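Shown here is one chain on its own, the form predicted on its own, set out as structure tokens.
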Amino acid sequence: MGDSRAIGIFDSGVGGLTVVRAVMERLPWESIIYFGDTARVPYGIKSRETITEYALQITDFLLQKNVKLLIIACNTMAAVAYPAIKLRSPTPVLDVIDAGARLAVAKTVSGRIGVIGTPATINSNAYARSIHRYRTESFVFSQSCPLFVPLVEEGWFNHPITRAVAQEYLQPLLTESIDSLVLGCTHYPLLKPLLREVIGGSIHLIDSAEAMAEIAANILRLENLAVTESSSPDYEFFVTDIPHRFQTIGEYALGRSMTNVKMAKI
């Protein structure tokens, strides 16, 4: 049977469901508890202190659910609060920034890598540090995109306004001749088709969700935490608010119907 406890995955809103989807596909027998702080999204424009406080509240909530692994699916929380979360948690903690950096280094040829993220993620310089850890001669060009998260939470995946915003944000990176673009926020994969149109076909789009699922599988195996036989997993989704269109956007991100959505107070 192995360890049947759930994997805890958390994000500021619906974006982390892109990570949940990748983990479900890679680890189909594992149970998952997801926490989306939909009442307080977006995080990326908040102070480091506030982001850390919120992240620790969510960490405590999931630890009380006895999860066996924590996945920080929010780049902003990973960039700002990872050390505090790791200190608080007795279970292993994984973050999307390390996963995205590894994948970017694996994909780039020229070493010219673009990163887009929230203001907090970009200002932390966490991606540049992680990328340089794996490839010292990389050139990292970063761009803050504060409007993307609200646009995704609104469900405007292919709206003319979103397209205009994307063209404005991405133009400075395109002038740097990047060959890879890291989607440094788990909300951004929901804009993939639009972003692909804006940047063209020759630039690698780096989505850390798939890399994260592979890293999670490895850590469960190494730590003897994996479910060892086919079982029927449980999926629970906790949110702090159920905003307009949450179910629609959530199911789009997940690629399946969302059942067992519960309200949480932290």
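Residue positions are given as counts along the sequence shown, with the first one as 1. Not measured: the values here are computed from a predicted model.
What comes next is about the form predicted in complex with ligand DGL, which does not appear here.
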Requested in this report: Have a look at 41, 206, 58, 69 for me and say which one sits with a heavy atom within 4.5 Å of ligand DGL in the predicted complex.
Outcome: 41
Query raised in the report: Even though ligand DGL is not shown here, does residue 149 get within 4.5 Å of it in the predicted complex, heavy atoms only?
Result: yes
Query - Partner proximity in the predicted complex: residue 115 to ligand DGL, non-hydrogen atom cutoff 4.5 Å - result: no
Query raised in the report: Is there any non-hydrogen atom of residue 182 lying within 4.5 Å of ligand DGL in the predicted complex?
Result: no
Query - Proximity to ligand DGL in the predicted complex (heavy atom, within 4.5 Å), stretch among 155 to 163, 135 to 143, 87 to 95, 186 to 194 - result: 186 to 194
